[in-house]
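What follows is one chain in structure tokens, specifically the form predicted alone.
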Amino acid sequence: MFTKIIATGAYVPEQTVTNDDLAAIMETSDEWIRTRTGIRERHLFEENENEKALRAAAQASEQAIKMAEEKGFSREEIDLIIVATSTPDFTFPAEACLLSDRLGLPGRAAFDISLACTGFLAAFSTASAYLASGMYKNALVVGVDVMSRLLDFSDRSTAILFGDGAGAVILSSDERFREGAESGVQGSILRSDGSRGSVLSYDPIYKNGEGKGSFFMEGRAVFEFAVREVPKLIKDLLSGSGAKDQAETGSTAEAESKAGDEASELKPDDRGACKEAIKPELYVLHQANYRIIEAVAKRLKEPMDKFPYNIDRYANTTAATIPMLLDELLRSGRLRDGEEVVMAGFGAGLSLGAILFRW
């Protein structure tokens, strides 16, 4: 089934918070943050602002709609809305339902997906499957998170890492947008390992009596998981083995850990085994840490210029990082029709996902 990303959009709040700003309120420094994460600044909502997730999602969506309208698309053609978020404005109703109303699109299928930083990949895969089935024709997929809602700014281990933002894409199966080679999802893998779920979690119960939940992250464990598992997942995706059942292939967490770093390297032979010798032009990775991006590139034996990034300016916006980066790449002309692009990421769960998309 033909599918195409016909438009993208992104939004971040006006307030910019630099590393020096954080150093004024906690024990840290610009040098300490930059060398460990690659982050220089992030955008955060003001504390007293309302409807933060909805406003960000709507702004990013309107940008995507405007781009699509320039191609002859009408917002009324959107018949499916999926929002990936772990920080909605309300526990319920779903953010997607509120967004449908805000965009003047009543009656659409609309729901949320909560998978933290892997959420956009799950939402994108779900939308693609709906379009491939013929149930819907045009989907608006949004990744949005307001991490400032959860952060304790006295905790250096987490507060320095995150920003607020939203990214949106419009995915269509309408033949009038077909240009050249068959585009769309060429492969998709989502995996989770709940046995490691405790290393990255947020408990909303007000344990400290001050109206804040408990954010916990075991940074080293998350870093090692990402550096080890993301390259393996991309290798499986490009070799076409991602559709196999994990139990059938013995791909348990324990077995994968024992496989070692060598197993996560993408060698020329791996591409040669692919039906079409897939060699992606770009790897659009979740923006959690620049050092993770570097490590993934090294293990895949690919040059860093294939791994665009914007974590230095926005930090980790969780479900929004990949669509925000896609928007930058599309508007700057780095995404061209017919090219293969890998989108990959990881997050709480622990979860991870990868999508091979032909632009």
Ligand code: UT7
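Predicted model only: the values in this text are computed from it and were never measured. For every residue, the number given is its place in the sequence shown, counted from 1.
Just so it is clear, the following notes concern the form predicted in complex with oxa(dethia)-CoA, a form of the same protein that is not shown.
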For residue 157, is any heavy atom within 4.5 Å of oxa(dethia)-CoA in the predicted bound form, or not?
yes
Taking oxa(dethia)-CoA as it sits in the predicted bound form, is residue 11 in contact with it (heavy atom to heavy atom, 4.5 Å or less)?
no
Indicate whether residue 223 is a 4.5 Å heavy atom neighbour of oxa(dethia)-CoA in the predicted bound form.
yes
Taking any heavy atom pair closer than or equal to 4.5 Å as contact, tell me whether residue 234 reaches oxa(dethia)-CoA in the predicted bound form.
no
From the list 68, 292, 300, 58, which entry has a heavy atom within 4.5 Å of oxa(dethia)-CoA in the predicted bound form?
292
Among 190, 217, 150, 98, which has at least one heavy atom within 4.5 Å of oxa(dethia)-CoA in the predicted bound form?
217
Within 4.5 angstroms, counting heavy atoms, which one of the listed stretches 301-309, 42-50, 329-337, 27-35 is next to oxa(dethia)-CoA in the predicted bound form?
27-35
Mind checking whether each of 288, 316 and 346 has a heavy atom within 4.5 Å of oxa(dethia)-CoA in the predicted bound form?
yes
